[in-house]
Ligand code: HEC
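Presented below, as structure tokens, is a lone chain in the form predicted alone.
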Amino acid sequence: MMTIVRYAAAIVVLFFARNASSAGDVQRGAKVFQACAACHSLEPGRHLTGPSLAGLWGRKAGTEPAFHRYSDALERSGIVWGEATLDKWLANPEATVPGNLMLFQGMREVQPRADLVAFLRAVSEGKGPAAPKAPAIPDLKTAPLDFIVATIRRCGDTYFVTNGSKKTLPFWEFNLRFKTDSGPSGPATGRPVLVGQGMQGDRAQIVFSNPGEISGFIKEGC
């Protein structure tokens, strides 16, 4: 009988130990979230590659009104974000919602997942620690004159970009990207900004305030 009692007691201890280890810790979760901050902010209305996660708890997936890049699969999923659904999603997004657009392989480790879920709940309920800030985006409205684009001339497969200091740089057309940023840190209307791309000096991107400016800036001529 004593052996059975000891065995039962050991089972109880093991059960509670496992549950204690898998219970989410908000402070640890805040550190885990730092890996998510490149794509998701916790500021209401501030969307990055992915939607803001502010007020996530209890919200139906794919319904943040100002975010327009949800996959059809996620919008049709019917998922409501809570402890179980977030844990499953974070473990394997593709298996949870096949065809979703989040390029994330999943978190296989149980404890960091539980910590992150606890943190997201606490933030949604206004009880969490100070949320990590999303990466700062350069304010292109204050770009130096050397990076303000004055004119763009296309000759064959080459773009000649002249900046505000009247210096002209040639780019192979495949190495020059045209982008837009209509947000508060985007360039002023009529003042697109030349931004480097990666470590290779022969590649760059020009950021416009809106798509309608692009064709008006490019002039053909050799």
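For every residue, the number given is its place in the sequence shown, counted from 1. On a predicted model such as this, the values are computed, not experimentally measured, just so you know.
Keep in mind that the form predicted in complex with this ligand is missing from the display, and what follows is about it.
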(request) Kindly indicate whether R153, K167 and V195 are, all three, within 4.5 angstroms of this ligand in the model of the complex, using heavy atoms. (result) no
(message) To test your reading of this chain, name the stretch in 153 to 161, 187 to 195, 65 to 73, 173 to 181 whose heavy atoms come within 4.5 Å of this ligand in the model of the complex.
(response) 65 to 73
(request) Would you check, heavy atoms only and a 4.5 Å threshold, whether R46 touches this ligand in the model of the complex? (result) no
(message) Within 4.5 Å, heavy atoms only: does L53 come near this ligand in the model of the complex?
(response) yes
(message) Test of understanding: in the model of the complex, would M102 fall inside 4.5 Å of this ligand by heavy atoms?
(response) yes
(message) Test of understanding: in the model of the complex, would A30 fall inside 4.5 Å of this ligand by heavy atoms?
(response) no
(request) Output the sequence-ordered list of residues from 75 to 98 with at least one heavy atom within 4.5 Å of this ligand in the model of the complex. (result) W81, L86, W89, L90
